[in-house]
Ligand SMILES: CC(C)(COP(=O)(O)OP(=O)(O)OC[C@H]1O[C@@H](n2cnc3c(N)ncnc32)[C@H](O)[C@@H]1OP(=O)(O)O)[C@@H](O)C(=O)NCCC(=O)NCCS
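Next comes just one chain, in structure tokens: the form predicted alone.
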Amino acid sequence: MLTGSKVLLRPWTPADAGDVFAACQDVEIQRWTTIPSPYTQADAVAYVSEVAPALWAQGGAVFAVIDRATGALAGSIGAHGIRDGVAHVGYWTVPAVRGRGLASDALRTLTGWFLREGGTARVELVVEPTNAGSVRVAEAAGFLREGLLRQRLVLRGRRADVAMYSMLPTDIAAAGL
């Protein structure tokens, strides 16, 4: 478990399936992420019972983001694999907590862990430039925008441009980590 100022990050458990299913009905999560759409209860059960444990076994790290103030699920964050010392992070946030700084706290917490203890040399994420919420999260967490990767992401059958953001160990102090 990792502790941020506003969130706790803990591994997913099978008991989380109902909350994951409810969260992933959100049109914005489906719009901006690669989760299945429509998202079924079976998808949620598979994610917390099979996919998340398998990712840990393969060297990834995925967490439930828990709001410390309420104990409720606030989102998901993690890296689905670390290759060549690079962790590629993705996240989503439930609608009820958006705009409260929980996602950026989760991103800072996870990034600090990866760079200090996880043996990574770089943490990166990509986001569509029109996804204003995720852009705010990345920038509030201290990530630096490196540039635009044209037609890099395939999402729901369409190619999309994405902005590449990153943080290196040398960026930790500037980001307040």
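Heads up: residue numbers just count along the shown sequence, starting at 1. Bear in mind that the values here come from a model prediction, so they are computed numbers and not experimental data.
Form predicted together with the ligand: not shown, discussed below.
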For this session: Would you confirm whether the three residues 56, 59 and 122 all fall within 4.5 Å of the ligand in the predicted complex, going by non-hydrogen atoms?
Result: no
Exercise. So which stretch, 108-116, 28-36, 48-56, 143-151, is the one near the ligand in the predicted complex (non-hydrogen atoms, 4.5 Å)?
Worked result: 28-36
Exercise. Is there a heavy atom of residue 64 no more than 4.5 Å from a heavy atom of the ligand in the predicted complex?
Worked result: no
Exercise. Can you check whether residue 129 is within 4.5 Å of the ligand in the predicted complex, heavy atom basis?
Worked result: no
For this session: Although the ligand is absent from this view, report whether residue 136 comes within 4.5 Å of it in the predicted complex, heavy atoms only.
Result: yes
Exercise. Does residue 85 reach the ligand in the predicted complex, with heavy atoms at most 4.5 Å apart?
Worked result: no
Exercise. Which residues, if any, of 99-113 lie within 4.5 Å of the ligand in the predicted complex when only heavy atoms count?
Worked result: 99, 100, 101, 102, 103, 104
